[in-house]
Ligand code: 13P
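Shown below, as structure tokens, is a lone chain in the form predicted alone; questions about how it binds or moves come after it.
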């Protein structure tokens, strides 16, 4: 393991004013989004779409890393350059999603544990050769009646830690993602309670497995009211409670926090991130974004699978990246949404 390499890569991913583009959707997820817009669900169309994203001029001004899917890391841009090489040549660190998805935990109903540890060391070696310099593993925690259970939190924290140790062994920076789902009617107080516990236990397991804190990035969900709660917390409360939770759980040696957008609208995700930087609190880590839908959704709608819309879609990609890049500095304002 090269400690210097891990630290330099992690710092580049969350450099000031930059975040991470999550473009690692599985075939079923990408297919559902294409289907809604009448886009053919083929490998070629996925390649064209992802080419549109990564070749957006100026993207590296606001994006420090891009998470790829197994298919994408093996594909090339339309002009024949492997996606990882194109990204690296343009100042964006290439990354790869390595988990095999969340599956039902035996005997625990709807609760999930993420699988994919078997053979992961060998896959990391291949992904490093293909150009990946960071990775991502997503755990899923559901809030509900008698959920999450201790078994669910422990199982996911342990898997995240074993994954992260294997990633660092391969000189690949791990993004550790213990996502507390927004789905439900729970209060922000309940979300805080679950998020703090999940993060605390995750970091305990990371320590147990010898994971280098300086060579990882945390991808948490925000502390936020459930999406069907009738009295949802305002932007400032979300920002304040989220930062309070992080200060209570995340070691100062971790270089960056890159939030998932987790069911928020594009504008909400930017506003919440921006507000975290206007609380007057000195933060020990970079606090930025690792958004998928909140960076891509509007651009995919604009593109709609049509070649004549590619240039317009790239403008939308750059605009969303710019809004969130500014939010990661506390410099976002809603009127930026209208700027071309």
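Positions refer to the first chain, counted from 1. All values derive from a computational prediction rather than experimental measurement.
Beyond what is shown, the protein has a form predicted together with the named molecule; the following relates to that form.
- Heavy atoms within 4.5 Å of the named molecule in the predicted bound form are found in exactly one of 41 to 49, 307 to 315, 54 to 62, 292 to 300, that being 292 to 300.
- Residue contact with the named molecule in the predicted bound form: residue 10 places no heavy atom within 4.5 Å of it.
- Contact annotation: residue 135 falls outside 4.5 Å of the named molecule in the predicted bound form, judged by heavy atom distances.
- Of the heavy atoms in residue 262, some are within 4.5 Å of the named molecule in the predicted bound form.
- Residue 22 belongs to the set of residues with a heavy atom inside 4.5 Å of the named molecule in the predicted bound form.
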